[in-house]
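Only one chain comes next, encoded as structure tokens, the form predicted on its own.
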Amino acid sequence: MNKAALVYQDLLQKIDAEVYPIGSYLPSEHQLCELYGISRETGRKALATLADDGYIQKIRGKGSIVIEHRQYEFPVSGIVSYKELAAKLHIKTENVVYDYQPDALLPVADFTSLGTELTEAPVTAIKRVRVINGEPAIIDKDYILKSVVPDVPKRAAEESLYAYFEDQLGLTIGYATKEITMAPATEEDREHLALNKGAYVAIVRSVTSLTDARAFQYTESRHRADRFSFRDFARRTKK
């Protein structure tokens, strides 16, 4: 990792820890040089990356101000486990597994809109309710390809699938393709999310792949619409 990346990571950690809270200014390029023993160009690169990633806004004559950057707190834009989310946001979460099928088939029709070539491959099918601060908020339906992960213990589903994939199996998760739609709540949604008839849910479907480009996890997350909020950060790039 080069010096600019190291400075970026350190500043990012301090922003997340609110050493530099929203509305405050980061050290100037000159101050960064003194703090980290780097060149001005290195400090400039670190600040530019923070700006590109939506953490700061450069204001001429004043410096780099920390802006609202928590667009990835909810696991829609990025790839984050609920265990990681709970630790970051200091919220209480619980996974309630209500259906576990170690020998199922991938429901191809549910994921064709994501543009991948699919076959009815063997999967471990898991249905969980995500309880956040004591309230059922999300149904997650996960389908894990057995060709990549032959066995998924029920205990891993109750705790953290990502911890099992990465820490125990040594898999490296690379990226995910996602889409968001809205639909009327099904009977299953109403039962597990305590919804009234006529309610809607936000549906996030995703295909997650390893760094070697092998897709291995297909997920349908069904969110209570009254609790669903999607935020992202976009910066205009001039041609």
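This is a predicted model, so every value here is computed, not measured. Between two forms, the rigid core is defined as the largest C-alpha subset superposing within 1.5 Å. Residue numbers here begin at 1 and follow the sequence given.
Here the subject shifts to the form predicted in complex with the DNA, a form of this protein not shown in this document.
**Q** Is Arg205 a contact residue for the DNA in the predicted complex, using a 4.5 Å heavy atom cut-off?
**A** Result no; Arg205 lies far from the DNA in the predicted complex.
**Q** Does Gly37 reach the DNA in the predicted complex, with heavy atoms at most 4.5 Å apart?
**A** Gly37: yes, in contact with the DNA in the predicted complex.
**Q** Though only this chain appears here, would Arg44 touch the DNA in the predicted complex if you measure heavy atom gaps against 4.5 Å?
**A** Because a heavy atom of Arg44 falls inside 4.5 Å of the DNA in the predicted complex, the answer is yes.
**Q** If we define contact as a non-hydrogen atom of the residue within 4.5 angstroms of the partner, is Pro27 a contact of the DNA in the predicted complex?
**A** Yes.
**Q** Looking at Ala213, Ala183, Ile59, Ala194, which is the one with a non-hydrogen atom within 4.5 Å of the DNA in the predicted complex?
**A** By the 4.5 Å heavy-atom cutoff, the listed residue in contact is Ile59.
**Q** So with the core overlaid, does the Cα of Gly170 end up 2 Å or more away between the shown form and the other one?
**A** False for Gly170: its C-alpha shift is below 2 Å.
**Q** Has the Cα of Ile56 moved 2 Å or more between the shown form and the other one, judged after a core fit?
**A** Yes: Ile56 shifts by at least 2 Å between the shown form and the other one.
**Q** Just checking, between the shown form and the other one and with the core aligned, does Lys197 shift 2 Å or more at the CA?
**A** No, its C-alpha moves less than 2 Å.
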